[in-house]
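In what follows, one protein chain appears twice in different forms, each by itself as structure tokens: structure 1 and structure 2.
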Structure 1
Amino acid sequence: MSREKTAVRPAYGKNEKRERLMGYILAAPAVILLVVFTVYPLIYLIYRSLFGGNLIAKDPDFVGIENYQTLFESEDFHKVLTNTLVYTLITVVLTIVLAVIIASWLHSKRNRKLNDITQTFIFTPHIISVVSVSTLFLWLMDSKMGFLNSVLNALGFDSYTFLASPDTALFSIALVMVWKGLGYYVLLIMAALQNIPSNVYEAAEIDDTPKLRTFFKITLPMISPTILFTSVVATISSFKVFDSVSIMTGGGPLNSTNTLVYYIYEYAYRYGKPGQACAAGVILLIFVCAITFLQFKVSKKRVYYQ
């Protein structure tokens, strides 16, 4: 008979136990903050969306999925969803396209002084608060006394409606937020471009490859992981838009700029319906997760990892 060998579990020494304990102690603050400020609010959001009542109700009534049914039966909520998706599409597409173009142009110039000046001008709006930027453009885009319309009138053109018309208000806000956040994404794309090996471009030059073909067949595939990252970050940021909408339009005109986060704010604090606001918050969470998942799924075969 052969004697079966049993695996002996190695005993941890005192130093190793101390290191493991120290690791748990160092990780504990981050885990506690994550639970307190992320996990618990998420669980409570889902829980509170199943109840009715108002902010001062001691014992809110359990209504189940009634809040969700109310939302999906509301034409205003359909309009809010459409506004949010359109705003996200505009901002993400414009931001990524402009960031890639500007970063590629700066990278091709190889002029350090010019790059530093341009990056400073492009990145500066990113560090300015949204409130300040929104207040500034609220004056610039005023339909009567705004600076931009004064310039247009001086040049002989008619005034542009900007924030005063339902047809142009959402696009105007999107342009403002693209201008504000563009510098951050340009720096990310610039960093990705600088990591591309120079011998790849040298091989393309030896083969006499046209620059446009080099850009689409070499540059874009090589920076595709960064483009994916920036698109995901820009998408999540676009879904969270609130300050600019609150300051520049207040959701108007005619509900044309009302977005999900502003809708949640209104129903929670202005209309006193926290259950419905929490239900909208859960839907926002589902939308963000679903779109992020789709971005990774669609780009799985299009992203080149070195």
Structure 2
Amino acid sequence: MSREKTAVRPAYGKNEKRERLMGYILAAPAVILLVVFTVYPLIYLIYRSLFGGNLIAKDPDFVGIENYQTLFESEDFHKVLTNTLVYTLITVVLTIVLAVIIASWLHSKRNRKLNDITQTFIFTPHIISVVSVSTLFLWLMDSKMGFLNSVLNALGFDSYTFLASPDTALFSIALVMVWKGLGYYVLLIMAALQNIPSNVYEAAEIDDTPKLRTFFKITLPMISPTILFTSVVATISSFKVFDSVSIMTGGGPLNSTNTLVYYIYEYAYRYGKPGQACAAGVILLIFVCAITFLQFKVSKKRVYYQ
């Protein structure tokens, strides 16, 4: 009798206590690691941003918000923020627009087998190291010897400067990262397209609604939650761009591709100003929190949910 009872309701009396304790014990290792590698660093980042000193000094002096003042008065930092925002805007808009178009195209019933092969190829760069993708495009985009310019020349165009000029370098890096990341977003949007119930389209088919209208009036609203989500993911991943900048340009030419994380890295390790680097880190943190918060807000209001 009592045995049956425990079988139905195990969380009972003494058992309940034990159960609770076990819950804590099992979660403890992960909790400790997350506190050590996420919570503590966030707190320390904010704390350290209020101090001066260098990488080696044990007791840096308290400087209050001086590091932030220095940042906002620095023209370099303005440039870095602008670069990061422009880069993010180009990358996110290009990626999402292309991904929606390509996903809808590959979702159509025409040439199904080819659709699958195309999707396999589009996704490939996503699992390749940014190191190799960046190095490869450094070679492809070489302004004198690169393959891309040889194609442009063969078609009768002048050579493009790509990474060699401050006017085109940031855009070139954005193009490379769009190429690399596109497949992932196509994949996510295709998954959303596949989840649209087919009966939604039946009414439109009966009315003979033009395809483009169906796309804008039915398909797009139905996948809007995914578009929002992918935009947020793309925005955050663009904000933290580092590897490609570090390998392709090192922030140059003339600071034209210096972005926020690269700036933080350089200020900490090259210029030995960890306080200022941490202050810039706090600004990145604020950006990431703001975007995540915005996602929550917007997704509650505007987006169509079934």
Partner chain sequence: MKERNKVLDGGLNILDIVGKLVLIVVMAFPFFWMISTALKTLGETLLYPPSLLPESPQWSNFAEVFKTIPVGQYLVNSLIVCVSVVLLQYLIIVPAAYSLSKYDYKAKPLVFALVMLGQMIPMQITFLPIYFMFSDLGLMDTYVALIIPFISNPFGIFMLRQYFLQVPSEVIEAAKLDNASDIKIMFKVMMPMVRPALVTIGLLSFISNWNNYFWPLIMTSQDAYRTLPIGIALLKDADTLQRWNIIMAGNLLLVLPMLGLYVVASRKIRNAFVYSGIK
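Note that the rigid core is defined as the largest set of C-alphas that superpose within 1.5 Å between two forms. Note that this is a predicted model, so its numbers are computed, not measured. Residue positions are counted from 1 along structure 1's sequence.
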{"query": "Of structures 1 and 2, the one that is the form predicted on its own", "finding": "1"}
{"query": "Core-aligned CA displacement of residue 154 at least 2 Å between the two structures", "finding": "yes"}
{"query": "Residue 283 C-alpha moves between the two structures by 2 Å or more, core aligned", "finding": "no"}
{"query": "Between the two structures, C-alpha offset at residue 295 (rigid core aligned, Å)", "finding": "4.8"}
